[in-house]
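For reference, the chain that follows is the form predicted on its own, supplied as structure tokens.
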Amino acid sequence: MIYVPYDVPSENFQEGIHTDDYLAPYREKKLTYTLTTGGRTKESLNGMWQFGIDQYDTCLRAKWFEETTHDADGRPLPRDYDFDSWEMMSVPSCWNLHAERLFLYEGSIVYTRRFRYENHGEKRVFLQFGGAAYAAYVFVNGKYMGMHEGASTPFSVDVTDVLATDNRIIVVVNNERKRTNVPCENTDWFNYGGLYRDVDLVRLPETFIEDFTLSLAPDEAGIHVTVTLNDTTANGTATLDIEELRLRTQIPIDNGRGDLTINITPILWSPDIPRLYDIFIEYENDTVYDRVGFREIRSIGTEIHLNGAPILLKGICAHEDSVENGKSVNENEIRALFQTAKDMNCNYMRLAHYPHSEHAARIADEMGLLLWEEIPVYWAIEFANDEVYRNAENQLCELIKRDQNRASVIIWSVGNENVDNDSRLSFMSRLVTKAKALDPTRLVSAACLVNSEKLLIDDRLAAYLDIIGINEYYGWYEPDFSKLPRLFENSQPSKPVVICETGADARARHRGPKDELLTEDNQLYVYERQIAALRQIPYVKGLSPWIFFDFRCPRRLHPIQDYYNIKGLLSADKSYKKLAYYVLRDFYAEWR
């Protein structure tokens, strides 16, 4: 489709130059499909890709992906690109750390690579992207496949009909901050860009298992399994195999879907006993494999119950960031971080403020760490914009589908620190309803603001939530700490409250009097007062201070901060523990 202004003669109109809304035809084809890839053989397309910095979006404007080399009469055409001679960058990675000139770059980068493909009897082939920050436009062999919005959730591309023996893939990735993005242009973390998670090729039969869930059966003994096929007309039988439970049973499939409750009692998963079972689900020529734990999470009055017993969430917030790899953290980094959290006596972590790597929840399953996962409905997005809502809902759906079988994930969060107005209430309450419809086995929360004038937990969204999350910084952004006990006294919620943020900045190894800002001693003092206040409040059932480690943030221009948010209990490289780390560790050891 060519967008030509009505008052421009078409005979002298040049599409690549004169089209203002050149993205419009691309945006008409959204990529919102996500495969279940667990246990399937995936062929990695990671490694070295060619890339070009495309500040003016010329690849999309001039359709470089068509690789037109000659005109209609066979005469050679000049080109402003040469894909195969471009510089190379590792995928996955964040481009900001590839070269100094890219550190603060915001815009488009064109990624490309070639790969060979030979059919081994499969009928369907997909490209699977773990994450591309923020928007990704995908082309295979000159054909536009669609675009995906949202930096942190996976998406799949059906490339069955476009593959050849030799193939070129092009992905235009754009990380511009925009008012209509989710999150929008103003955040409190670093704007990493790039193909920063895995890219894989997945081969499948004609009819395959598109989705499945396993959980404890609600209000009755046993486990519940659902299976969804890609073919909504398919009828037949799927098989569930859990050898450790001596279970092999058939699941009737009717019109592409089956569900079954099985009277069997597994050992329940918990942080103390992170029991996982190897499960296999088969349908005709397709098999999926996963390691799944079974547990129950509920809110009852002002308590949180795990497997029928009250639990306190002893946690910490964390961004997905590292000095060396930025947002493209690897499994070893995740494991080391989670172990440090457990050493601090944590049983819970809030993964802020967007979906972290899919490896995080799988590792938390293994290590025994409860997770709060959220989507970046962050601060002041355009709540009245229907397109923005659809974007946020799609990111929520992609996150839930990715992690719905992870026992460690107990809370879906629909956002962080939004003003309580009518459009926001409508927006976020719809997200809560969607989350509950997709997954009734977990709790839903959001990080809410407190009423600083009335000194009250006062947010209309709380009526829709299972857990009320609040961010409060008494002793820091609000220096008058005496307001915190009054806020707790004034508030008498009927639901459990998790203090999902609190804290203070401190530069690692910077010491001074306890009332001197940005020192470890001042941070320690804030933590000591916070803990003393929280001990007195029976409805506070969880704590995840801000934040586990210092992370990059261009908002922080004080010379002591040096472009980092330094509220971490660890230094940015995670090698040094600040004083407050130890007081929180000791508190968690005896908090009952």
Ligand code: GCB
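All values derive from a computational prediction rather than experimental measurement. Residues carry their position along the shown sequence, with the first being 1.
What comes next is about the form predicted in complex with the ligand, which is not displayed.
> Within 4.5 Å, heavy atoms only, one stretch in 524-532, 30-38, 563-571, 60-68 touches the ligand in the predicted complex. Which?
Only one stretch qualifies here: 563-571.
> From the list F338, F294, F488, Y378, which entry has a heavy atom within 4.5 Å of the ligand in the predicted complex?
Result of the distance check: Y378.
> State the residue from D290, E520, E417, D403 whose non-hydrogen atoms include one within 4.5 Å of the ligand in the predicted complex.
None of the others qualify; the residue that does is E417.
> Check, residue by residue, if Y473, W546 and R556 all come within 4.5 Å of the ligand in the predicted complex, counting heavy atoms only.
Each of the three qualifies.
> Is H148 part of the interface with the ligand in the predicted complex - any heavy atom within 4.5 Å?
Contact with the ligand, no.
> Please determine whether H353 contacts the ligand in the predicted complex, using a 4.5 Å cut-off between heavy atoms.
Yes, H353 is a contact residue.
> Taking the ligand as it sits in the predicted complex, is F551 in contact with it (heavy atom to heavy atom, 4.5 Å or less)?
Judged by the heavy-atom cut-off of 4.5 Å, F551 is in contact with the ligand in the predicted complex.
> Is there a non-hydrogen atom of E501 within 4.5 angstroms of a non-hydrogen atom of the ligand in the predicted complex?
Although the ligand is absent here, E501 would touch it in the predicted complex, with heavy atoms inside 4.5 Å.
> So which residues in 175-193, when you check the ligand in the predicted complex, have a heavy atom no farther than 4.5 Å from it?
The stretch 175-193, when checked against the ligand in the predicted complex, contributes only D188 at the 4.5 Å heavy-atom cut-off.
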